[in-house]
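Here you get one chain, nothing else, as structure tokens; it is the form predicted on its own.
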Amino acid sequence: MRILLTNDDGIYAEGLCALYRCLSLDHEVIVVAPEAERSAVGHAITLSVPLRVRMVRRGREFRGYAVNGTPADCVKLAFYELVGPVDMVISGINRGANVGINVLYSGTVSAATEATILGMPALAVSLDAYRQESYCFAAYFVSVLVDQVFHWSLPFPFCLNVNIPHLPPQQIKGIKFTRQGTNRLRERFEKRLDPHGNVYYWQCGEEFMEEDPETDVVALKQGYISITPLHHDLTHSEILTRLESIKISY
């Protein structure tokens, strides 16, 4: 299979490298990723400056295209100019989970949803860890998923958001197919002064206010691998149905 690999942590990120090592054993893997970290940029694309591409080498691991743009830029540019259509796009492995409302902010997830907009199936993959990350099991699990997912008779193209606990494999409780949590975050900002006496703010904490066991947030917290199907249609169908019966005079 021909796989496009991207991320939002940058082309030199260890999570991307771990995926490449694992997937390239059985598949043709092409890397097109941001030249530097572009986390939490959502589905942004670059319009005001030119996109520049350079071929870089990640040690002895791989050669790939580094782009001075966003994750969505990388997928667009790969599709239209650098690579062409592929059998699957995989975005990750992200450093830190992408669950709940954070899915809307995630560059990792947006690269995957951009792939489905362009007609290619995609996985967004994240590891729930920020310190002492080990991506070995996560990369192995993705390779297993890639070998099985096309046998699931999913509507095409599909986008699956995969979040993996940072636990020893034997402590992971299993896999849950979940829906995205939608409760708001409890967030915190720290107010500081710079050396010149100017006030600035640092976003320094967030807490998910989610208790529904059917959501990605809770499943991951309980030690399960969470797999959530996503799509880019933001239409609120219930409200649309109500609006269709309304007559507006003007």
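Treat the numbers as computed from the prediction; the structure is a model and nothing was measured. The numbering used is simple: start at 1 and walk along the sequence shown.
Not pictured, yet referred to below: the form predicted together with another copy of the chain.
Discussion item. With a cut-off of 4.5 Å between heavy atoms, is residue 185 one of the residues that contacts another copy of the chain in the predicted complex?
Written reply: Because a heavy atom of residue 185 falls inside 4.5 Å of another copy of the chain in the predicted complex, the answer is yes.
Worksheet item: Looking in the predicted complex, any heavy atom of residue 50 within 4.5 Å of another copy of the chain?
Response: Yes, residue 50 sits close enough to another copy of the chain in the predicted complex that at least one of its heavy atoms falls within 4.5 Å.
Discussion item. Can you work out whether residue 43 and another copy of the chain are in contact in the predicted complex, taking contact to mean some heavy atom pair no more than 4.5 Å apart?
Written reply: Yes, contact at 4.5 Å.
Worksheet item: Quick one: does residue 97 come within 4.5 Å of another copy of the chain in the predicted complex, counting heavy atoms only?
Response: Answer no; every heavy atom of residue 97 is more than 4.5 Å from another copy of the chain in the predicted complex.
Worksheet item: If we check another copy of the chain in the predicted complex, which of the residues in 79 to 111 reach within 4.5 angstroms of it by a non-hydrogen atom?
Response: Contacts from 79 to 111: 79, 80, 81, 82, 101, 103, 104, 105.
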